[in-house]
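Okay, here we've got a single chain as structure tokens, the form predicted alone, with questions on binding and movement later.
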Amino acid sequence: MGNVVSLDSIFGLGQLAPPAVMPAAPETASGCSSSSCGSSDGPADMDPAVWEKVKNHPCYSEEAHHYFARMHVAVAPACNIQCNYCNRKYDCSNESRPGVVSEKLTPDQAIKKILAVAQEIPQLSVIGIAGPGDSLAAAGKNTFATFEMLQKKAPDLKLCLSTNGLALPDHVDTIAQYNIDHVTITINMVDPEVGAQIYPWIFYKHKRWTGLDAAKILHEQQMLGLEMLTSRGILVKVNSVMIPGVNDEHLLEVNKAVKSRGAFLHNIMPLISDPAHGTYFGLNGQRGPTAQELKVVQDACEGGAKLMRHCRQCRADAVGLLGEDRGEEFTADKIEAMGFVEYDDEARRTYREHVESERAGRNASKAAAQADVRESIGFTVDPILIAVATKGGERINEHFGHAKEFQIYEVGPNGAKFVGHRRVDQYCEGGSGDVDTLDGVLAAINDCTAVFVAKIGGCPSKSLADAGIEPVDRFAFDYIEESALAYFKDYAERLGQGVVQSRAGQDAVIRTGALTARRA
């Protein structure tokens, strides 16, 4: 791909240039330790060296996930533990969850695919290895072989890996050697009694361990590996699967433990529990959390290790922006048909320059909108949730009927904060809407006061209003956070007049699994 790709051509965003006069932002403190920064933080909230590492990483920066893409290469099929929520599949194209892939790759095949994708997707900034097994099982042979070649052929791409942590202490030196400065560890417990309910066995030092012994070994290895990574300045994101009745209340202790050891982020994810996936939990009726149950646990962890709330629980071969998977565009046969691809990072460099220009005025604009809300209504009105239909770029730029997910923002006097997403089936197919699908959409955003869209038809607009959810299209193609704060200011006035009612106490359904958005 040799052409320069701008933000507006990709997202339909309109003009990139910031306003001629930007409102002044309030002064903020600068600098922090890695354990006190979060995915919603910006350059004023952390050390400049840390910001450089995370600013274009869609998993480590909530802001970046609106602009930048990731790619997972499936070169690590082996795994050294069994989780009750996991069932790995190596030729699966119709399930959207961690541990499944359509094709396993050799390191050579992975490099060829990465180079092809990099030329087609200028937003690509990160290459990750997340399975479909564990990246460090089998001594991490394929993982490190892939990264060694990639460093030479595409040095501008960030390297990232995900692991259960069992073999991590043995490989920290190699991770540092290859400049892998982002590592994710899945840590679901810090109490072996809890761990024994999640992990039936591990394979460690040429032996299979079960029960409490297995959980104790895994816990010790995870804590040691986390400490070793953070002592070397490697950023660590901790993933935890929330399993109601098993570790939901325990996750607060997990959060405290990983913060004390320097974790950069803590990502608390809902259990994916579907009998069709063939997992132990799915087949035995273990349910996942509701939207509010998940939010309650996440909110309880605020003040500890900072939280990531924009995770999409991606497949191990995901390609594209978070919230989409373009993997079918880059299957092995299609990559082979492309022939030799000469690597050129010009389009990516130009795209990143556009993003930097776009970002330059955003912080001041968001701060001014927040200050206006505080000055107008103070802290007398409780925050609300809104759902947003977006294609990316931090804009309200998707038609209600075309949305396959809604981003959820909590909006109040403290600002507009991304707190999650809700997968839905596309309501409008072939020009007409489906009533059953609309019911699913309503269930997914039932705890929201309003839904922001670029456009919406009369029928779904009425159904939303009847359900107490306000459809809002007056901010079409504007920025999400500034629009949300403007709406909240108006909402607070109407609430005081008795024109609208609070939706506090409502809950919603989480449809788990990563979104699969296919393109022609």
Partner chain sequence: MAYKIKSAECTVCGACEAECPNIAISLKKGTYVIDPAKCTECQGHFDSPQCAAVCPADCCVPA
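Remember, predicted model here, so these are calculated numbers, not experimental data. Residue numbers count along the first chain shown, from 1.
One more form of this protein should be noted, the form predicted together with its partner chain, which is absent from this view; the next part is about it.
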| message | Is R208 near its partner chain? Define near as a heavy atom within 4.5 Å, in the predicted complex. | response | yes
| message | Residue-level question: is Q82 within 4.5 Å of its partner chain in the predicted complex, judged on heavy atoms? | response | yes
| Is P77 close to its partner chain in the predicted complex, meaning a heavy atom pair under 4.5 Å apart or at it? | yes
| message | Whether K104 contacts its partner chain in the predicted complex should be assessed with a 4.5 Å heavy atom distance threshold; does it? | response | yes
| field | Contact test, all of R88, A138 and W201, partner its partner chain in the predicted complex, heavy atom 4.5 Å | value | yes
| Partner contacts in the predicted complex for 448 to 474 (non-hydrogen atom within 4.5 angstroms of its partner chain) | none
